[in-house]
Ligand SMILES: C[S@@+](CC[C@H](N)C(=O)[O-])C[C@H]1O[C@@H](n2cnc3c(N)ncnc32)[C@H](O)[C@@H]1O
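Given next, in structure tokens, is a single chain: the form predicted on its own.
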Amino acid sequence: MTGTWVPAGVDITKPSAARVYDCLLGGGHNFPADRHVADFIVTRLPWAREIAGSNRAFLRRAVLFMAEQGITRYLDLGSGIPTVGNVHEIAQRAYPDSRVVYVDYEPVAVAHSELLLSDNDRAAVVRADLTDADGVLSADAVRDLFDTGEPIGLLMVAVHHFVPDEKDPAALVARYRDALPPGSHVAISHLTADHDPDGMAAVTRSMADGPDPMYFRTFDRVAELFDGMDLVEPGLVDAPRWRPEPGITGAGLVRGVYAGVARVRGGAAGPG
């Protein structure tokens, strides 16, 4: 599939994490190289599509939870290819005046987001690398999001397994956390190899030569990302177990992603 959402100069013969994830979710904004990787992952990790789906479902429930806390402003880091059930759709259904800023560095994801949001004046996309926290927080759209001092819903869903140890994921989360206004909440999910080391090793190999190598972490390492915040019930758990919809049992409880939401203690008055 090609079109105006593919920027000039993008090499679609090389897979990207955003497009592979879109493929695993059943989306249509991916290319043969991405589908090849997705198919390979499924052969080594048969429930990969279910894992991707459980992560996406967690995103929805996390946004709904934040909306219940009265949050109407959201910053989605590493937002990827917009598919059905985007943050702005969920949030604006709960509160029509909700504002959302998406951040991603992948040009296809950003281009398609711009098309999708062209008629929505309460949502915007910024092309930036989430590991450059100062750059993200200084972007005009992000500063505008923070300008009233209202609580922010910060979403870091399925992004930190692309951040290598040398970039210190916990310190990165802390930089964003410390910029958040009082009453803000942070949602994080992270792939893990705890439950299937061999299968996840195959996933790591499939992405090793692309632009988005992966770094799976243990429960304790993921828990460190929430340092300095107060986890809400049920804490850090397998994604399907985080405030599940009624009737989710059996296959719906596939493991492979840890997820949690935390409330920021105190907080700052803006990005600084």
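From 1 onward, residues are counted along the sequence shown. Since we're looking at a predicted model, the values are computed, not measured.
Absent from the display: the form predicted in complex with the ligand. The rest refers to it.
- Heavy atoms of D129 reach within 4.5 Å of the ligand in the model of the complex, making it an interface residue.
- In the model of the complex, no heavy atom of A123 sits within 4.5 Å of the ligand.
- Although the partner is absent here, Y21 sits close enough that one of its heavy atoms falls within 4.5 Å of the ligand in the model of the complex.
- Although the partner is absent here, I71 lies well away from the ligand in the model of the complex, with no heavy atom inside 4.5 Å.
- Partner contact region in the model of the complex: 130-138, out of 113-121, 130-138, 143-151, 93-101, criterion any non-hydrogen atom within 4.5 Å of the ligand.
- L59 is the sole member of V37, L59, M229, I51 with a non-hydrogen atom within 4.5 Å of the ligand in the model of the complex.
- Between the ligand and the residues M200, V173, A179, V157, the one pair within 4.5 Å by heavy atoms in the model of the complex involves V157.
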